[in-house]
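One chain is shown next in structure tokens, namely the form predicted alone.
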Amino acid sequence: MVVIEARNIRKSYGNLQVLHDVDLSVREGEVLGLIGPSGSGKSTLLRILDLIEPPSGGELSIFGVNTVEEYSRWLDLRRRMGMLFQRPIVFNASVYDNVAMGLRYRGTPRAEIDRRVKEALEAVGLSRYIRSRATDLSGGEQQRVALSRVLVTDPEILILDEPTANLDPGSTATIEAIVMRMNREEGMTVLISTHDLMQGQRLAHRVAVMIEGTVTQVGPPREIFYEPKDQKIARFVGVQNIIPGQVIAREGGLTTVEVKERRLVSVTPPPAEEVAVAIRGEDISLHRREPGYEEAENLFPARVTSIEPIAPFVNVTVDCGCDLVALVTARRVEALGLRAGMEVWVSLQAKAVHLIPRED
């Protein structure tokens, strides 16, 4: 069941167009990750989906209700959703009063408020701070208070806008665990915007990529990160190697592409004769000698031209007729004794060579 359906959503502020031609659906019970560069419109889209502000055009259905035509039902719909922002919003009051605020506005009986607030704080591990002043807590604890204030209202859809952007790794892990538990145990639908690509892969069942004000690709995390549909998406999701090439042969489900002075074999059906080859650095294996056991369709000698540490990994650039950047662990570099000028062998599976349309 689809709980949010957005079609051709547009948003402008005066002459500034922030969103255009946005199509996006959110399924009941899923975690949908929204990723994209800063300024791509992610926060604006979330505010529209949470009915904080209207779109300038397009169609938006939430729980089957046409929100454009039935504006009078916005309050009821908003009460079925909850939104957590990047910066924790807490008030100069006790943790208990912060969490209870939304229930009091809804006229919930006092005994019910007390029960639900205590349950919400227990769920986020803050029961011992129930009488503490919220503004005295750390940033990570304040964000958990804000999350409790959302969860205490039992939303069917939880919308998170960069919820861990300003938090330390420990606090981030705690927030992620809470969100995943609510999705897994309560069946809560979650829509999360994040700048952390690894977080998107960890949490989401599907990922939507926003670039320049529109959604450019939606799919499972593996598809987005290993099979991007164009060069802009490939660059954003961290593909280290994007090289122009020419298709020269197709046979037996394999495509051979000429990339400078090297021929590479791919399992991707080519979108055209002129393509761009996209290869993630972690898919490239380096060896001190020709491996006799490697089941890789692409196997060739190369020379190391540069080594760039990016802890805890290392970018190793090799010349094999074209330049390729391999992402290698520091321990692997040490074990191989890699250094500039060293002769090595490169192995690369055909399924790791992804073909996309070439940009002019």
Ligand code: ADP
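The shown structure was predicted, so the numbers you read here are calculated from the model rather than taken from an experiment. Residues carry their position along the shown sequence, with the first being 1.
The form predicted in complex with the named molecule exists for this protein as well; it is not shown, and the discussion that follows is about that form.
Considering the named molecule in the predicted complex, find the one stretch among 302-310, 44-52, 330-338, 317-325 with heavy atoms no farther than 4.5 Å from it.
Going through the listed ranges, the match is 44-52.
Do S40 and the named molecule come within 4.5 Å of each other in the predicted complex, heavy atoms counted?
The answer is yes: S40 has a heavy atom within 4.5 Å of the named molecule.
State yes or no: in the predicted complex, is some non-hydrogen atom of V18 no more than 4.5 angstroms from a non-hydrogen atom of the named molecule?
Result yes; V18 sits at the interface with the named molecule in the predicted complex.
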